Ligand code: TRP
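Next up: just one chain, as C-alpha cells, the form predicted on its own.
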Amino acid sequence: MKEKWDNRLAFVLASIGSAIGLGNLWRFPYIAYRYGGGAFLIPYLVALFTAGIPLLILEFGLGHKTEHGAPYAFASYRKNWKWLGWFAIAVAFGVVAYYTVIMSWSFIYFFHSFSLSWGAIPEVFFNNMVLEISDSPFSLGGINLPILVFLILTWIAIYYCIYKGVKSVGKVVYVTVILPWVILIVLIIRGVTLPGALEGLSYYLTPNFSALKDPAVWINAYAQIFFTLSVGFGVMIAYASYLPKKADIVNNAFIIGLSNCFTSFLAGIAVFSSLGFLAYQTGKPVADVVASGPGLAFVAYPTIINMLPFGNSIFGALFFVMLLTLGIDSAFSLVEAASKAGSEQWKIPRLRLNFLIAAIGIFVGLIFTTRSGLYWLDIVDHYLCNYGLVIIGLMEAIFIGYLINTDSFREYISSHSEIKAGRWWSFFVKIAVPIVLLVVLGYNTYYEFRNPYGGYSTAALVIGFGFLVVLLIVAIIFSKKERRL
C-alpha cells in the first residue's frame, strides 16, 4: 500500500515547513530594504502570483498525477527526461549538505546562549572561536571538530524525523512549523517594544517607489520568490505524490505560497525592530547595523541579545531554537525528496536508504566544516540557488508547457481543485515564467563574469560552476539506471 498523508493539514504544514526556512529570516528583510523598502512588496507579490504559485501548482500537479518522486514523475511523460528530476534532487542534496552545517552552528549558539558566552564582540566569537575561519577558500586548515560533532547530531535528527516517511514527517511538522511561528511572534512583541524599534521599522518599510524603475528590483523579487518556495528541489513533487486522489491542488498552492510570504514579512518586522534597537544603543544609523545571512543570525542578533534590558539568555535561546526548527523541516524535506526518488529507483528499504543518504550527506558536508567552510558555503549557496534552481524551474516550465499536452495536464489540475487552473495558468507556465527565468539567468551570468561573486575572483567561478557540473553529471548517470524490480 502506498504511503499517504494522514490529513490535509499535515501536508500543508510539511509544505509550508519546507518553504519557510532560514532565507525568510535573514535574506528577505535585507532584500526588501535594499530594493525599495515597503515598495518591494509590489514586485514581490507580482512575482508570487505570476511565477511562484504557478510553479507550485505545476509541481503539485505533477506529483499528484504520477504518484512518483521527481525523476519518475518526469519519466512518466518522457522517459529521457528523468535526468531533470535527478538534477533537482542533486541540487537539493547539495543545499542540504551545507544547510545542516548552518544548523550545527545554531546548535553551538543555542548552548552558548544560556551564558551569553559569545561575549561583548560576537563577530570575533563567530569568526575566531566557532568557525576558526581561514583567509581563503583554498586554505582549508583542517576540520573543525565541534562543528563536525553537531553536524552528525543534525543528521541523526533528520534521520529520525523521516524514518517512517510521511507518517513521521506529518507528526514532526506540528512542532517544527508551529513552534517557529510562536517564537517569531514573541520576538516581534519583544522587538517592537524596544527603544529605537520604530526607526528600524521605518527603515525597513518606508516605500521608495522610484526603485521600481530598476530592473534589478524585479529580478531580485522573482529570484526571492522562486528560491523561498522550495520549487525546483523535487520536494513539492514528492510531497504531492503522497496526497490522496481527492486532494485539492490549486488551493494548497495558494495557502502555502501566501503563508510563506506572510512569514517573510513578519520576519522582517522582528529583524528590523531589533536592528533599530541596536542602532539606538550604539548611536549609529540603522544603515550601519543592517546585516544579512550569517552576519545577521550569528553576529547582529547576539549583539542585540547582549543589550536587551532583561531576559537575555531566554530570548537568545528562543532565537536559536527558532533557527533550528526553521532549518530542520527544510532540511528533512530535501532529504525526503531524495529518499522518495532513491526508493523508486533502487528499491532499497527506506531505513537503509535514509542511513546511506545521511552518511553521504555528512561526507559531502565535511568541506563546510573546515576552517574555510564559510567561503565554500557562501559560494556553493550562491551558484546552486542563482543558477541550479533557475535552470530547473526553466526546464520544468518548458517540459510542461511545450513537451506534453498542457491542456490535458491543466484539466487534470482543475478537476482536483476548487479554484480552477484556467488559461491564466497556461500563460504563466508557457510564456511568463520562461521569459522571467531566462532574463534572471542571463542577467546573473552577465553580471557574474563582469564581477565574480563575493570578490573571490575566479575561485568562485571554478568552485560554483564546477559543483553544478558535478551534480549534473551525477543526475545524468542516475537517470541511465533502470529501476530494479
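Because the structure is a prediction, the values reported are computed rather than measured. One rule holds for the numbers: they count along the sequence shown, beginning at 1. Here, rigid core means the biggest group of C-alpha atoms that superpose within 1.5 Å across both forms.
Here the subject shifts to the form predicted together with this ligand, a form of this protein not shown in this document.
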Note to self: Check for me whether this ligand, as it appears in the model of the complex, comes within 4.5 angstroms of all of 144, 368 and 370 - heavy atoms only.
What the structure shows: no
Margin query: Within 4.5 angstroms, counting heavy atoms, which one of the listed stretches 343-351, 290-298, 136-144, 226-234 is next to this ligand in the model of the complex?
Written below: 226-234
Checklist line | residue 14 within 4.5 Å of this ligand in the model of the complex, heavy atoms | finding: no
Check: Can residue 187 be called a contact residue for this ligand in the model of the complex at 4.5 Å between heavy atoms?
Finding: no
Notebook entry, point to check: Looking in the model of the complex, any heavy atom of residue 131 within 4.5 Å of this ligand?
Noted result: no
Notebook entry, point to check: Though only this chain appears here, would residue 475 touch this ligand in the model of the complex if you measure heavy atom gaps against 4.5 Å?
Noted result: no
Notebook entry, point to check: Exactly one of 222, 99, 107, 375 has a non-hydrogen atom within 4.5 Å of this ligand in the model of the complex; which residue is it?
Noted result: 99
Notebook entry, point to check: If you check 330, 263, 241, 273 against this ligand in the model of the complex, which one has a heavy atom within 4.5 Å?
Noted result: 330
Next item on the list: Determine whether the C-alpha of residue 44 shifts by 2 Å or more between this form and the one not shown once the rigid core is superposed.
Entry: yes
Next item on the list: Would you tell me if residue 27 moves between this form and the one not shown by 2 Å or more at its C-alpha, with the rigid core held superposed?
Entry: yes
